[in-house]
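We begin with a single chain expressed as C-alpha cells, specifically the form predicted on its own.
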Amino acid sequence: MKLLTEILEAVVLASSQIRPDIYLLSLEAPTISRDARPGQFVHIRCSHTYDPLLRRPLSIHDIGSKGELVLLFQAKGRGTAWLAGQQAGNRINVLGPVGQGFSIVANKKVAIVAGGLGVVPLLFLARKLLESDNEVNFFLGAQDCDKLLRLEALRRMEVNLFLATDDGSAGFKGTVTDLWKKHLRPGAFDWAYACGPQAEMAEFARLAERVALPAEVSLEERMACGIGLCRGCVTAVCDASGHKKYENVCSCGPVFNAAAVCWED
C-alpha cells in the first residue's frame, strides 16, 4: 500500500522540556499519525513566515494512545528553538509522513541499538515490533546517565533493556555498540536496527555483517526539500557487486540496509 504524504496545520497538544536542550512535543495530526511507519520523518516549517526558509526534518518518535504524533528533538538552532517555544493550542505546518521506514518483522528475536539521540526513531519501532510478537532487545547508550533519553518510557515497555554509558555512570562502561558486541554471536538475533552517531553505526554494520545478521540503520543528513528533488542529502550506497551510487536520504531513506551504506565515503 502506498503511503500518502500531506501538508497540514497540526495543533500542539503538549510540549515539555525533558533536558536543558531536549524537548518532547505532541501534535494533533491524525492522518499523518495513521499512515506513519517507524523510521519515517516529518518536515516542519519552523516559523509562521518563511524565515527560516527551509523546513526541519524530525524523525517520528512515537504515536500516542489517542493517535497523537509525538516528536523528540534537540533545540540547537533558530528553527528548533522556535519549535521548542510552541505552546498547547498553537498550529504548526507539517509535511509528512516522509521517507522509507524500517522493515517490521514478526515472531523474531531482534536487537535495537540506540546511541544518544539515536533513540528518537527507535521507540516507535520497538512498539511496532512488540505488536508483531517479536522479542525486543533494546540497547540504549549515552555519554552519561543524565543523557539516557526516554529511559522510563522504555522501562514501561516489554523490552529487554540494556544500558551503556561512556563514563560508566549507568550500566556497561563504554559505547552502546561495545555493549551490543558482548551479546552478539551467530544466531543470537534474527534482525537488528540502529540509529546514532555515524562512527557507532559503522561499527554496528561491521559487526552485523560479520555474523550475517540482517540489519538496518536510520541515517541523518541536512535536508532542504525533503522529497528527493534537490539532491541535497545524498549518501553513498553500494550494490551487491560493489558498484557505488548516491541516493537521497530523504526519499530513498532515511532507513537503509546497513550493509549497503558506504561508511568510508
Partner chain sequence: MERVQAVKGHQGSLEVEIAGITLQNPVMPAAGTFGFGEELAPFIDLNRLGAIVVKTLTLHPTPGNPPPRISETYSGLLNSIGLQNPGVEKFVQVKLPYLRQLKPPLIVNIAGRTISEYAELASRLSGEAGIKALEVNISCPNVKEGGIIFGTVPEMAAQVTAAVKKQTSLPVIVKLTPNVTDITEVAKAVVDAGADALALINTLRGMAIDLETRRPALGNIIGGLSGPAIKPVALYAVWRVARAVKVPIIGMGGIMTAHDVIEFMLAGATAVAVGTASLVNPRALIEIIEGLEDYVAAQGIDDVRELIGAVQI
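Given the structure is predicted, the values throughout are model-derived calculations rather than measurements. Positions refer to the first chain, counted from 1.
A second form of this protein, the form predicted together with the partner chain, is not displayed here; the remarks below concern that form.
K.L.:
Considering the partner chain in the predicted bound form, find the one stretch among 215-223, 66-74, 192-200, 29-37 with heavy atoms no farther than 4.5 Å from it.
P.N.:
Residues of 215-223 come within 4.5 Å of the partner.
K.L.:
According to a 4.5 angstroms non-hydrogen atom cut-off, is residue 170 in contact with the partner chain in the predicted bound form?
P.N.:
Flag for residue 170 set to no.
K.L.:
I'd like to check something about residue 239: if you look in the predicted bound form, is any of its heavy atoms closer than or equal to 4.5 Å to a heavy atom of the partner chain?
P.N.:
Looking in the predicted bound form, residue contacts with the partner chain do not include residue 239, since no heavy atom lies within 4.5 Å.
K.L.:
Should residue 231 be counted as a contact of the partner chain in the predicted bound form, where contact means heavy atoms within 4.5 Å?
P.N.:
It does: once the partner chain is placed as it appears in the predicted bound form, residue 231 has a heavy atom within 4.5 Å of it.
K.L.:
Give a yes or no for residue 262: in the predicted bound form, does one of its heavy atoms lie within 4.5 Å of a heavy atom belonging to the partner chain?
P.N.:
Because no heavy atom of residue 262 falls inside 4.5 Å of the partner chain in the predicted bound form, the answer is no.
K.L.:
Just to confirm, with a 4.5 Å cut-off on non-hydrogen atoms, which of 184, 95, 179, 159 contacts the partner chain in the predicted bound form?
P.N.:
Of 184, 95, 179, 159, the residue with a heavy atom within 4.5 Å of the partner chain in the predicted bound form is 95.
K.L.:
Of 6-45, which residues get within 4.5 Å of the partner chain in the predicted bound form if you count heavy atoms?
P.N.:
7, 45, in sequence order.
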